[in-house]
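In C-alpha cells, the next block holds one chain alone, the form predicted on its own.
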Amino acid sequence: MEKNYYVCTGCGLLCDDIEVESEKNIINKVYTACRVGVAHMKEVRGEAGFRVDNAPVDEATAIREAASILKNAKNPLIFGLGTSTDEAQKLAIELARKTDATLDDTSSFCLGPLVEALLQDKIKTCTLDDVRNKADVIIFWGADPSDSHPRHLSKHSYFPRGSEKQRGWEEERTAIAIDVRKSHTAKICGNYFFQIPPEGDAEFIDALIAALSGKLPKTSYNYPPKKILELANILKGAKFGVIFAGLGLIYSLKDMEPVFRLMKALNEKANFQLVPMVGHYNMRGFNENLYAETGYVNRVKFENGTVKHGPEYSVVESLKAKTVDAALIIGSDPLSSLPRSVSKNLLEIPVISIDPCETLTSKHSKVYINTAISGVESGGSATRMDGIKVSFKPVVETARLSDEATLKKIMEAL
C-alpha cells in the first residue's frame, strides 16, 4: 500500500493536494478531492483498445488507418484537446500545420474571447493564490462553482484564510452572485444575489457602470435601481476585487466590449481583476499554446505555411458549411455536445477519435484509439484556469498510449 500526493485533472482548478491510496495498480481511495475529482480518478478502466470500422484491430493498423485518412484529406479538421496535456497540444498544432488542417477547440464557443483578452492584456487578471490571500470582494458572474468546480470556494475564493485575510470569510470577504437563477453558489452569497433575466447581462453592466458614476441606473426589465446602487457601493469599496466570469455571462453577450467597459469603470473606482471559469483542465493551455504559435487562441486554418483565422474556421461553422473532409477529434464528443443540425455532418466524413472514454463520437468513428487519462494514467503539464503552469505524474500504470504518444505515432506514419 502506498500513499502519495497528485494533481487532479478533473477540472480547470488542477488541485495539487490530492492524496491517493493505490494497491496493485488500482486506486482504492482518494482523499481531499471533490466529488468530481474522486469520480474522475477512480473511473473504471478496461484494457487498451483500437478499432477501425468498429472492429478490433492492433495498434499498428489503427495508426496506419488514421494517418491514411489525414494524408488523403484536402482539409482535415482537428478539434478538442481541452483534456490533453501541453505536450500533446503542441504536437497537434504541429500536425495541423503539417496537414494544412483547420484547428479549433471548445473555447471557440465558450470562454476563448475572455482568455484572448487576458493574453492581449486588455483585462487585469490575477492568480487563484492572489484571490485566496488578498480578495475582499468576489463576484461569481454567470458561474456556479459550487457545482462546476466544487473546491473553488473552499480552496481559493471565499472560505479559506489567506496571508492578508486571516479572519476569513466571516469578516473579510463579500461574495456576490449575478445570475439568471438562484444557483447553489448564489444561495451561499445570501442577500448579495442579483438575479437578472436571460440575456440581461449587457443592460445590467450598463446600469452598474452608471451607478458607479453616481447616476441613476436603469434597465428595460426594471431592475430595482436601489439594489444596483447598493452593489456599486460595495464594489467601489473593494481593495482587491475579483470577477469570476462563467459561461452564463459569455453566452449572454454578443462580444466582450461590455466587459471591457465594466472593468475600466471598476478600476477607476477600485481594484478589480477577472478570471475566466475554465472547465476543461487544459483549455486555457490550448489557447496559450496556439496563441504563442499563431497569435490566435482558436479558429485557425493552416495553408501552405500561412495561418488564417476567422469564425468560418470554428468547428461549428466548418461543419455547417461542410468545408472539412475528415476530422481528428481528441478528447471531445461533438456528436453529443454540438447541435444535431451541425454535428450530423461528422457522419458524412471519416472521423478519427482519440479518447480515454467511449463516447457517441467514438462509436461513429472510422478509427477509435482508446488512450490514457492524463493525470491518472499518464503525466505531463497543463495550465490552470488562472494561467499557472502545473506539472503532474500518473497515479497508476496503463498499457494505453497517451494522447502525446498517439499523435507522435500518427505523425511518424504520415
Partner chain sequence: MDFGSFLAAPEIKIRIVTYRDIFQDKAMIENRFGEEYRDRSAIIKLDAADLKQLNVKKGDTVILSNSFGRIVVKAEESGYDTPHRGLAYMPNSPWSNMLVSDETGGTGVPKFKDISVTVTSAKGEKVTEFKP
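Residue numbers count along the first chain shown, from 1. It should be emphasised that the depicted structure is a prediction, and the values quoted were computed from it without experimental measurement.
From this point on, the text means the form predicted in complex with its partner chain, which you will not see here.
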{"property": "In the predicted complex, the residue from N222, S341, Q166, T306 that sits within 4.5 Å of its partner chain by heavy atoms", "result": "S341"}
{"property": "Listed residue (I26, A39, A60, I388) with a non-hydrogen atom within 4.5 angstroms of its partner chain in the predicted complex", "result": "A39"}
{"property": "4.5 Å heavy atom contact with its partner chain in the predicted complex for all of R181, L247 and V316", "result": "yes"}
{"property": "Which of 75-83, 195-203, 170-178, 116-124 lines the interface with its partner chain in the predicted complex (heavy atom within 4.5 Å)", "result": "195-203"}
{"property": "Proximity of P150 to its partner chain in the predicted complex, heavy atoms at 4.5 Å", "result": "yes"}
{"property": "Close approach of P311 to its partner chain in the predicted complex, 4.5 Å, heavy atom", "result": "yes"}
{"property": "Heavy atom of S337 within 4.5 Å of its partner chain in the predicted complex", "result": "yes"}
{"property": "Non-hydrogen atom contact T294 with its partner chain in the predicted complex at 4.5 angstroms", "result": "no"}
{"property": "Neighbours of its partner chain in the predicted complex among 99-120 [non-hydrogen atom within 4.5 angstroms]", "result": "S108, F109"}
